[in-house]
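Just one chain follows, in the form predicted on its own, and it is written as structure tokens.
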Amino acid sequence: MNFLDFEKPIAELEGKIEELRHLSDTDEINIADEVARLQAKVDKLLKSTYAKLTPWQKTQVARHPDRPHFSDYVAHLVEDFTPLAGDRAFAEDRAIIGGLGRFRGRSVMVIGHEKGRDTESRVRHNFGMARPEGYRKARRLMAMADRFHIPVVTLVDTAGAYPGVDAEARGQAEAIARAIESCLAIRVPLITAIIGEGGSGGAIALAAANTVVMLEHSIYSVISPEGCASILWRSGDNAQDAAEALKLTAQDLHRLGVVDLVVPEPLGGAHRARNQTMDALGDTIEQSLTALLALDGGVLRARRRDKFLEMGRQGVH
């Protein structure tokens, strides 16, 4: 398991448990009581550590390399997934994957960012940072779903849209704006889940939804803590201060009304119990989808637009 910096005491205890288990396997020594005692210590330490995570520590958890990615959720929750490629204008963008499938008995269009798991797949998926053709593909798939009255589910996990010269030359900002426009225009239910990192316009392009849910230790912000620190303090060393100021945690955003629901993660984060996390998110999406399917298309679109227009108005005179 990959351990984060603040998890060093936990890593030491779990290392001792592994050593004892290895001893038990080789020397046939019964050390179950000692393992149980150490495991109880680990659980207690995990509980106390994760109960008081700072925004910067939550950022680290949201970026954990073992955290479930888009492809994991699709494999676990969606049957008969059929990916649909290309924006019909320029190229296929592998940072955003989308396609049709069946989610708990219902046809859905699933669209989301894929960061990749190892070096090769991360390069192939451009670390989840989409170019304009990725957002144009998302628009095409949303329009298709709208035409055939199929609900849309989006899973967000990106540091932001790709900032390269080639992406800017092909109209990155316009592509993001049009994707947001498509989110607000469709007349079918649109549900978004922030499953890891939700960064800037690259995230909101898929997240202007009827219901926005966040996993407990995911983050969602207009800019990364490092990017914010480099602008305000001219140094990435102040990323922790920036994380505090940005109010990027699920709890902060739920309080501010930016997200609708926070899905609890297993003790120690989603990476420690991947299937449990994916099942919990699936349950939340199913409940939200059931409620939204009872509404007329015009009502869905109007409520979605009103929801985003109302954000930030509280307390304004």
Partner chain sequence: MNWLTNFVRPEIQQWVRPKEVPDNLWHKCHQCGHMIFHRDLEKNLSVCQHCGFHMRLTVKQRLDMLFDDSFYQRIELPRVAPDPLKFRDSKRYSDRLKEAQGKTLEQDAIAVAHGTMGGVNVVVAAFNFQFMGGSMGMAVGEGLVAAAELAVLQDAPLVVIPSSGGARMQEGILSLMQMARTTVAVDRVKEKGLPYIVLLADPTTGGVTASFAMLGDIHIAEPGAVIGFAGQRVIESTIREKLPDGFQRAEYLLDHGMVDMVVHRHRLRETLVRLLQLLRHPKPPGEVVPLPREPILPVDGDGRV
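Numbering follows the first chain given and starts at 1. Please read these numbers as outputs of a predicted model, since none were measured by experiment.
The following text describes the form predicted together with the partner chain, which does not appear among the structures shown.
- Checked against the partner chain in the predicted complex, the residues 204, 74, 150, 239 give one hit for a heavy atom within 4.5 Å, which is 204.
- The stretch in contact with the partner chain in the predicted complex, judged by heavy atoms within 4.5 Å, is 163 to 171, chosen from 102 to 110, 163 to 171, 85 to 93, 150 to 158.
- Looking at the partner chain in the predicted complex, residues 246, 308 and 311 each place a heavy atom within 4.5 Å of it.
- In the predicted complex, at least one heavy atom of residue 184 sits within 4.5 Å of the partner chain.
- Looking at residue 256, you'd find a heavy atom of it within 4.5 angstroms of the partner chain in the predicted complex.
- With a 4.5 Å cutoff on heavy atoms, residue 142 does not count as touching the partner chain in the predicted complex; it lies far away.
- Although the partner is absent from this view, residue 136 contacts the partner chain in the predicted complex, with a non-hydrogen atom inside 4.5 angstroms.
- Of all the residues from 174 to 191, those having a non-hydrogen atom no more than 4.5 Å from the partner chain in the predicted complex are 174, 176, 177, 178, 180, 181, 184.
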